[in-house]
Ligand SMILES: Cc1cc2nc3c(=O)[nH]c(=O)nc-3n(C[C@H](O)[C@H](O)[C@H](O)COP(=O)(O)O)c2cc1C
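So this first bit is one chain, no partners, the form predicted alone, shown in structure tokens.
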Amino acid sequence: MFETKIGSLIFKNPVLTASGTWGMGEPFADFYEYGLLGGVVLKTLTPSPRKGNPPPRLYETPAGLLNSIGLENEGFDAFERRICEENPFSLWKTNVIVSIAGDEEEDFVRLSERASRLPGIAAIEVNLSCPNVHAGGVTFDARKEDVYRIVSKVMEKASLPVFVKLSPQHDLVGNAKEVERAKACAVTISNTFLGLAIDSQKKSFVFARKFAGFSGPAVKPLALANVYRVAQAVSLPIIASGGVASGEDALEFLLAGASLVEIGTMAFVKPRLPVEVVEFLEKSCGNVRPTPLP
């Protein structure tokens, strides 16, 4: 299988797990060895613990899934203590990428610096597609100037490769250009799409926060178009995320210009899907990386 190099980091193959859907690894430990993948992206961590949104949190649609989890996590302090005491990632034999988010801009800078010192962490994914509580709840990538400022500050403090995750709600091409200008190592295109569910029987919204993130096979054509548009605009490596349900889907993203591909929602249905995608790409491509379409 062909290798992929991003910054100083080498991926044995282009298949990663997607943040959030993979948790901290526990749900998939019985299904495959993590060393079979190019890397794994952990669930997003915030400075303080979060309980997440009230139930219901998931709502299935035809070929898709709405989620309103609310970034539930143990908080960076607890994560840091556990990793320093147990050092579990040394056994995984793959690139472990920690995903971080915050309530304000400086949280990204502080967590990036702390994450850089943790054992077994290979890279940092800065999740700018999470809400900024000090700006009325809009995501941190709502304005291009904010993207550049945050990523530039992170790059000053982080000593590991930095990937930046963006939201499809905003100008993906413009924001990706700012990520590139700030000299990050890669951009993740993208987080979930904005969705809504209404219970017609109860005549009410399904989720307490009304809106939710939409993912799954139904979003693949949209995600594929976004990856291609960004690939045409920047030379920055792209990590594709959105709707991968098969090896063929992953290959399409590579042909659209992605360097790596994340697999998320469909792993709930087929836990071994990431490994199956690796096997498909090995048979289809061998050691030759597919040439992106013009």
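What you are looking at is a predicted structure, and each value in this text was computed from that prediction instead of being measured. All residue numbers are counted from 1 along the displayed sequence.
Beyond what is shown, the protein has a form predicted together with the ligand; the following relates to that form.
Requested in this report: Could you check which residue among N95, T192, S112, N132 gets a heavy atom within 4.5 Å of the ligand in the predicted bound form?
Outcome: Of the candidates N95, T192, S112, N132, T192 is the one lying within 4.5 Å of the ligand in the predicted bound form.
Query raised in the report: Just one of I83, L71, M155, A142 has a heavy atom within 4.5 angstroms of the ligand in the predicted bound form, so which one?
Result: By the 4.5 Å heavy-atom cutoff, the listed residue in contact is L71.
Query raised in the report: So in the predicted bound form, does L260 come within 4.5 Å of the ligand, heavy atom to heavy atom?
Result: No - in the predicted bound form, heavy atoms of L260 and the ligand never come within 4.5 Å of each other.
Query raised in the report: Can you check whether A123 is within 4.5 Å of the ligand in the predicted bound form, heavy atom basis?
Result: Judged by the heavy-atom cut-off of 4.5 Å, A123 is well away from the ligand in the predicted bound form.
**Report entry** Proximity of K43 to the ligand in the predicted bound form, heavy atoms at 4.5 Å
**Finding:** Heavy-atom contact with the ligand at 4.5 Å: present for K43.
Query raised in the report: Are any of the heavy atoms in V219 no more than 4.5 Å from a heavy atom of the ligand in the predicted bound form?
Result: Yes, contact at 4.5 Å.
Query raised in the report: Taking the partner as it appears in the predicted bound form, which of 184-192, 143-151, 86-94, 104-112 has residues with heavy atoms within 4.5 Å of the ligand?
Result: Checking each option against the 4.5 Å cut-off leaves 184-192.
Query raised in the report: Who in 220-254 is close to the ligand in the predicted bound form, meaning a heavy atom within 4.5 Å?
Result: Contacts from 220-254: S241, G242, G243, V244.
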